[in-house]
Each structure stands twice: as structure tokens, then as C-alpha cells.
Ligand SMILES: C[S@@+](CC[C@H](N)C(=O)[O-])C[C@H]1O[C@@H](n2cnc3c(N)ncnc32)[C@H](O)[C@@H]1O
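Listed next as C-alpha cells is one chain, alone, in the form predicted on its own.
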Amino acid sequence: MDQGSDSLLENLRRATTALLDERRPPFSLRPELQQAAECLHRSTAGSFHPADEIDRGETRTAHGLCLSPTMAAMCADDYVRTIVFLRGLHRAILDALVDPPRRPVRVLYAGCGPLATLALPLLSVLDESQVRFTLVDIHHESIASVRTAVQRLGVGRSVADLVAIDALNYRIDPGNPPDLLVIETMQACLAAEPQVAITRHLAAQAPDAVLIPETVRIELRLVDPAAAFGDADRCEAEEERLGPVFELSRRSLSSFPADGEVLSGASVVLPDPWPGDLQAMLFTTIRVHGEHHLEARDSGLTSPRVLALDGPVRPGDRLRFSYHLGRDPQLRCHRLEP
């Protein structure tokens, strides 16, 4: 590692240390996240900054949409999400280190993108005696980019492997399973991207691995539509929560069928009479690890979505939710007969 790379690593370490300081709220750390992201961009020597055609290179698979390398790099701009995921993963690694056997924690990171945004910053503050990452992405350009960054930052001893493959085709070595599974290939309400499919595929091969995120939960709420995307305190004061309708976690995985394209969610009865002018909307909440979580409106991953139903929502309706896998994965809702 030359002097320039040494300076780059030190700058990344300084920014990452600030991001991991839990005394500082994530929303106050946008400049530090931008500094870390700039270090990652410089270390890759690639060109993944925003361009006119940010979707060029995206891949549509049998299991959902895989973002283009440029779009994947831009996900770091959702800075509260990135900081909360970094803190949760960092805490999970430290938690795993206290349990025997006392060896480096093995982390499998599926969908790492061209910046390995949830790995490289942590490798600036953790060494090879603490953690070893296996980095997987469907795009060869992304893996080539990460390989360049690993070399320039001098953190190769903390990287077990770099693999360009669809995560749905990745096979875990049963003799060397990961301790942590990091999968962040999602949008709000688990739409479009293959988060559910990848989680089910990899978690089945590593039943003892800790999932990052631990839980993704989708709730149905009745909210004031004028406040739903604005003042969170006002919206929460005027909303009525009807309960979770779908969850992705270790617990829910155990209840899903081993195969099949439809996963059962919950049933919900809408109130009658209807409470004022409230609208039915879906909210995503994410527990990354321990106390590190993203609530509704904290991130693009947790922005509200209007409930889609065949026809108008009616007081007293009984709704049934199910998650449909395949090329266009999404949570669906249908009305049950009275």
C-alpha cells in the first residue's frame, strides 16, 4: 500500500469512527457519510457517480431486479440507512467475537455493489483477526471495482473471497459457514428486488448464521395522507395501527414452505365505522441488529406506500396479505368475501 493509499485508508477510518459513534444521532452525520463515500469512490478508481443513465447495467432476473452498479453506489446517499446498517453490522461482529470459537467472524455479504458500502468502512476499523468478509455481487463490474478498492486500501487479509455470481446461485461451503449473513437488496415493502428470495436461499444453507437485517416488518396503518410523508410526529399522533401483515426474519422463515412462490402473510379486518379521513397505507420497519433499527420515514427503505387493492377500501373489509416471489416480487393484498 503506497503513501496515497495509506492516507485514503486513514481518511476512511476517521470518517467511519465518527459514523460508529453511537452518541451521535445518524441524521447528524451526513457530512461524515459523504466523506466515507468519497473515500470509497476514490479507492475503486471506477466511475459510479450519478450519470444520465443510472439504470444502465441493471439486471432483471427470475427472482427480481438487481440494481445497476451506478444505482447501487448511489444507495450510500440514503445516509441514515447506511449509517444504521453499518452500526448494526459492527455491533453484530463485536457480539460474535465474544463467543467461542475465538476466530475471525465470517461474514457473507450478498449484493455488495461496486463500493461494498457495508464492508469496506468496517475494514478500516477492524483487522483480519476480527473479521473476514466474502463479498458477492451479480455484476462483474461491481466485483472488479471492490477488488480494486480492497487492494488500494490494503485490507485484502480481511477479505476471504470476491465472487461475481447471482446470490440465488451461490452455494455456501458447509464446512466453512458464515457467522453473519448480510443482505440488503430491497426497497420499501420488499418490492421489486430479491431480498426475500436471497434471504430464504442463503439462510437455509447457514441455519446458525445471524441475519443482517434481523427483521423486516410491513405494517398496515390508517394515516392522514396529508401528513404521511411529512411531519412524523403529527402523522403518528393521527394514525391507527392495524398490525403487521408480513415479516421477514429467522422466525418467519421457519414457517414458510421450503419451496413455492407464495408466502402467507396476515389477515386484517378494517374498522367499521371508518375513522375520519384516514387512508390505508403500508409502512416498513427494519431492525438491523439489536437496538439499531430504521423506523417509518427514516429512509427510502421505510417510506410509506399506499395500499393497492382491487377497488376502493371499504369499512369492515377483511384483507388477506401474501408475498409473491418471482420476476416481480411484491406484497399483495386481496379482499376476502364476507
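Numbering starts at 1 and follows the sequence shown. Fair warning: this is a prediction, and the values are worked out from it, not measured in the lab.
The same protein also exists as the form predicted together with the named molecule; that form is not shown, yet it is the one meant from here on.
Engineer: Is it true that A191, F246 and E261, all three, sit within 4.5 Å of the named molecule in the predicted complex, judged by heavy atoms?
Structural biologist: Judged in the predicted complex, none of A191, F246 and E261 sits within 4.5 Å of the named molecule.
Engineer: Considering V84, V159, I198, L220, which brings a non-hydrogen atom within 4.5 Å of the named molecule in the predicted complex?
Structural biologist: Comparing distances to the named molecule in the predicted complex, the residue within 4.5 Å is I198.
Engineer: What is the one choice in L67, I286, C39, L282 with a heavy atom within 4.5 Å of the named molecule in the predicted complex?
Structural biologist: Of the candidates L67, I286, C39, L282, L67 is the one lying within 4.5 Å of the named molecule in the predicted complex.
Engineer: Since the chain is shown here on its own, which stretch among 249 to 257, 203 to 211, 91 to 99, 71 to 79 would lie within 4.5 Å of the named molecule in the predicted complex, judged by heavy atoms?
Structural biologist: Careful reading of the contacts points to 71 to 79.
Engineer: Would you classify A226 as touching the named molecule in the predicted complex, given a 4.5 Å non-hydrogen atom cut-off?
Structural biologist: Answer no; every heavy atom of A226 is more than 4.5 Å from the named molecule in the predicted complex.
Engineer: Examine E239 and determine whether its closest non-hydrogen atom to the named molecule in the predicted complex is within 4.5 angstroms.
Structural biologist: No, E239 stays farther than 4.5 Å from the named molecule in the predicted complex.
Engineer: State yes or no: in the predicted complex, is some non-hydrogen atom of E141 no more than 4.5 angstroms from a non-hydrogen atom of the named molecule?
Structural biologist: Close contact is absent here: in the predicted complex, E141 is far from the named molecule, nothing within 4.5 Å, heavy atoms only.
Engineer: State yes or no: in the predicted complex, is some non-hydrogen atom of P121 no more than 4.5 angstroms from a non-hydrogen atom of the named molecule?
Structural biologist: Judged by the heavy-atom cut-off of 4.5 Å, P121 is well away from the named molecule in the predicted complex.
Engineer: If you look in the predicted complex, which residues in 102 to 126 sit within 4.5 Å of the named molecule (heavy atoms)?
Structural biologist: Residues within 4.5 Å: Y109, G111, C112, G113, T117, L118.
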